[in-house]
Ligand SMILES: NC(=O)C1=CN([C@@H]2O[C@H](COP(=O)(O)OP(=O)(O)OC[C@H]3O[C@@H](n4cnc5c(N)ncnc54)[C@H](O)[C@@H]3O)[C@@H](O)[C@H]2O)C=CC1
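Before any questions on how it binds or moves, here is one chain, the form predicted on its own, in structure tokens.
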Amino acid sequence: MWKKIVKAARPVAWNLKKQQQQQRCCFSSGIQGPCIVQKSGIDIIHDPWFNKDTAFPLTERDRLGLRGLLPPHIQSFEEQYDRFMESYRSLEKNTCHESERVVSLAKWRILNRLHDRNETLYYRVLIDNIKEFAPIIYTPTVGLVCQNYCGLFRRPRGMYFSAADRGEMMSMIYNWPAKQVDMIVLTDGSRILGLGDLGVQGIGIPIGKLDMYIAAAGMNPQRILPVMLDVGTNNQELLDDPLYLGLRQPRLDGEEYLAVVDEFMEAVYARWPKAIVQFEDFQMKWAFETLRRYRERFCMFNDDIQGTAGVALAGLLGATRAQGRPLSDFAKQKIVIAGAGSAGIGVLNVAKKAFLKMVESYGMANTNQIWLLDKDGLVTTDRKNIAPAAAPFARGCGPEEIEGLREGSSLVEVVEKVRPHVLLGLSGVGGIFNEEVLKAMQKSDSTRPAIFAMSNPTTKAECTATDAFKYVGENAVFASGSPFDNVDLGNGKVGHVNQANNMYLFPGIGLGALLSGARHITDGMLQAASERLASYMTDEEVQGGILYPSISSIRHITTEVGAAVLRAAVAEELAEGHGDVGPKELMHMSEEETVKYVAHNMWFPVYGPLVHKK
């Protein structure tokens, strides 16, 4: 089954690469309609979307009133590109003896300054160097940026809706200058990565996510919107900080909180009824409640619950393949999950559905193969005041349970007695997979134990790649949420590090939903995305311990994932079409045609001609 899927996927990826190369050549040749601007002179130079810096040709300098406002030498786009990269390399060289924190923030600053000045050049640099720059504009540096955001703040990006704006949001939404918005990423700052409540400083997350949407999915930068929903903060350190830029009040809760989110969602969809809203980094209770509240009314999804779960499922399927077992054996995998937050529960829900699908497909016995732990240890039915979302996954206390395990059993106890095939971490607690736990995984019932240390940023990872291979052994399969270097195992062997990051899925989910014109984002669409990602790697790659593709291929991956989501929306009769392409045209597209359609609709950064009109 897998071989058939992979063979079908590979030619599409290679054809796609050729298409994008041809697309670049086409754009570079100037085959692009002019853009009408109502600005001229210094206003054009100060607008990062229209600014070309020293690349404005003489004809544009004349018609836009730029003569004398720029140095006389006209640089090509390539010269500007090379100049920036030379500055970036010089920064690397000059900061090589500084701490990792200082270096990361310095790199973020130089990229952010380019973003503020010239968006076209910024996104081209980002796309062409995505493997190198994703850790700077996204995980893990984005967490550091959020922690220091008020000190780093120079100019506003996105929109800020606060509890003080109640009753005004329907009019406020029209303050955003774009006539059309396709993609919105929204946070309330309550659970930023594994860093907790960062209040208004969490705006860095939507900004970073949308940069990934542009780089990976080709979303048009003029049609995206990062949003901070500021309902206060319970972080006393921020409330006492004179530089803090958010509301200085405790977080709203209960119906007051929901009233703010309700008003924002109604305002968004009143102006942009086709927009997609991605909820990001909400604390657990509100993550699940808002998903339940809005998913049938609006086209939205929660990346922490659904995106993380999809990426994890792709990795879990890959781990089964890496063990040389048939896909049907996925339902027999024993999985221990450390972390009962929104991400952990999201993974459990998706894994449970996949288990049931396997049981139905192969006529297997329906057994409980999942053990869930939170900060208080193993979650069982004896737990008092158990969280509603975790309750369906609590272990019972009958004779079928493993002897010696009880309510609150520690992680090492559970691993020693269960001997799981997979140990999956979404705890947000750095180092929780310590030497004792990892050595216990050596006795796994699998010949290739899988370790998923998925918490972000790097400091919150449950273990490092080095420790995983050191204590579990060279046959381990390792994945993490943040990037780690591959591990040299000696004798020419390499311990491969897989970055099990949501960036492999959420751009394709958003793009596929947009281009299909889906009314809602369903479990079927999300499962199609996950299965497409899982099928991307060849059997040889998976058996070598490589579960996820290189981020360098992120546009190819996103195209295939987006096409899979689009086809699922069509199959579920939820597709209403996009632009000039209606539901009937989408329905009659072949698999290859949907991939081409998605690729064709990806934005690519080039300088287009500007024409001034008052």
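None of these values were measured; they are calculated from a predicted model. Each residue number is its position in the shown sequence, starting from 1.
Beyond the structure shown, there is the form predicted in complex with the named molecule, which is absent from this document and is the topic of what follows.
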| Out of Met219, Met284, Ala440, Val231, which one falls within 4.5 Å of the named molecule in the predicted bound form, going by heavy atoms? | Met284
| note | Only hit among Asn235, Asn456, Ser535, Thr141 for heavy atom within 4.5 Å of the named molecule in the predicted bound form is Asn456
| query | Quick one: is Pro449 in contact with the named molecule in the predicted bound form, heavy atoms, 4.5 Å cut-off? | reply | no
| task | Please check if Gly339 has a heavy atom lying within 4.5 Å of any heavy atom of the named molecule in the predicted bound form. | result | yes
| Closest heavy atom of Asp188 to the named molecule in the predicted bound form, within 4.5 Å or not? | no
| query | in the predicted bound form, does Pro206 have a heavy atom within 4.5 Å of the named molecule? | reply | no
| Residue stretch of 525-533, 304-312, 241-249, 221-229 approaching the named molecule in the predicted bound form, non-hydrogen atom distance within 4.5 Å | 304-312
| note | Across 575-610, the residues having a non-hydrogen atom within 4.5 Å of the named molecule in the predicted bound form turn out to be none
